[in-house]
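Encoded as structure tokens, the following chain is the form predicted alone, with no partner shown.
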Amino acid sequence: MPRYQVAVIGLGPCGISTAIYLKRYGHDVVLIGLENTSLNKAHLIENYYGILSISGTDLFQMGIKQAKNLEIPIYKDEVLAIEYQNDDEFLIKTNNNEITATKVVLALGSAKREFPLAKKFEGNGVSYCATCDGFLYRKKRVGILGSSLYMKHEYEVLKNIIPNLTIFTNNEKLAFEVSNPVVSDKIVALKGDEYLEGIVTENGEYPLDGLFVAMGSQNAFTLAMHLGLALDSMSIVVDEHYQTNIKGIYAGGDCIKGLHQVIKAASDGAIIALEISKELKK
């Protein structure tokens, strides 16, 4: 199993900057993430120091090239879970690998991918963490929303706890086989007054007591929920050293509060690298 001093999760400006600075400080660092960053989708950037105009995709690829030139390992893979190994080591599970690291940096961009219909019932029937809340719904009617391999990770947790479990894909194709009922219709509404009472699709209604949202890929918000990181609304809470409430886990860029711009994310990465380097050299 590969082992590194620092695992940086996210390939955007914060993640790449963190890894580059750590490597130049002489530390063993790995980058893990997918290319679906907001930077890679940006049409045109005209406010970055020293660059008159550049596409987000070109700037993203330049960052990847910088990391490769320093021979920093890059796993273009989705992180499914981060687990505690012991007091000073974390296990990072991806779709295809398992990696251990002493320090972890979350640089996954915007902390949360919204499902607008669910917002009203968050905390009142809607959850984003199967590990955190699955047991609370063990004797109830529960749905899980999603279709990707990240949803499969959440499904594997819930299927052993909840007998009455239905999968809702919201008009998307399921990426794996399941034994539970699957509803592929487009969701048009969530029912209930204060608490969730059911889902309405284009072709029917389904009474529910709980719904676990696991759409798309794992993100900073869901990783934070699983780890028990402190959150302020949709942002991960960090101290003046960019460390979260869990020792050894740092966060920066768009998943924390502040200016959501490339230049600030890159600055966060440089500062995080300096803080981690100080810790590793103690």
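All residue numbers refer to positions in the sequence shown, first residue = 1. All values derive from a computational prediction rather than experimental measurement.
One more form of this protein exists, namely the form predicted together with a further copy of the same chain; it is left out here, but the text below deals with it.
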| item | value |
| --- | --- |
| In the predicted bound form, segment of 244 to 252, 56 to 64, 28 to 36, 224 to 232 with a heavy atom within 4.5 Å of a further copy of the same chain | 56 to 64 |
| Exercise: Pro13 in contact with a further copy of the same chain in the predicted bound form, heavy atom 4.5 Å | yes |
| 4.5 Å heavy atom contact, Val237 and a further copy of the same chain in the predicted bound form | no |
| Lys23, heavy atom within 4.5 angstroms of a further copy of the same chain in the predicted bound form | no |
| Non-hydrogen atom contact Ala42 with a further copy of the same chain in the predicted bound form at 4.5 angstroms | no |
| In the predicted bound form: members of 241 to 269 within 4.5 Å of a further copy of the same chain, any heavy atom | Leu259, Gln261, Val262, Ile263, Lys264, Ala266, Ser267 |
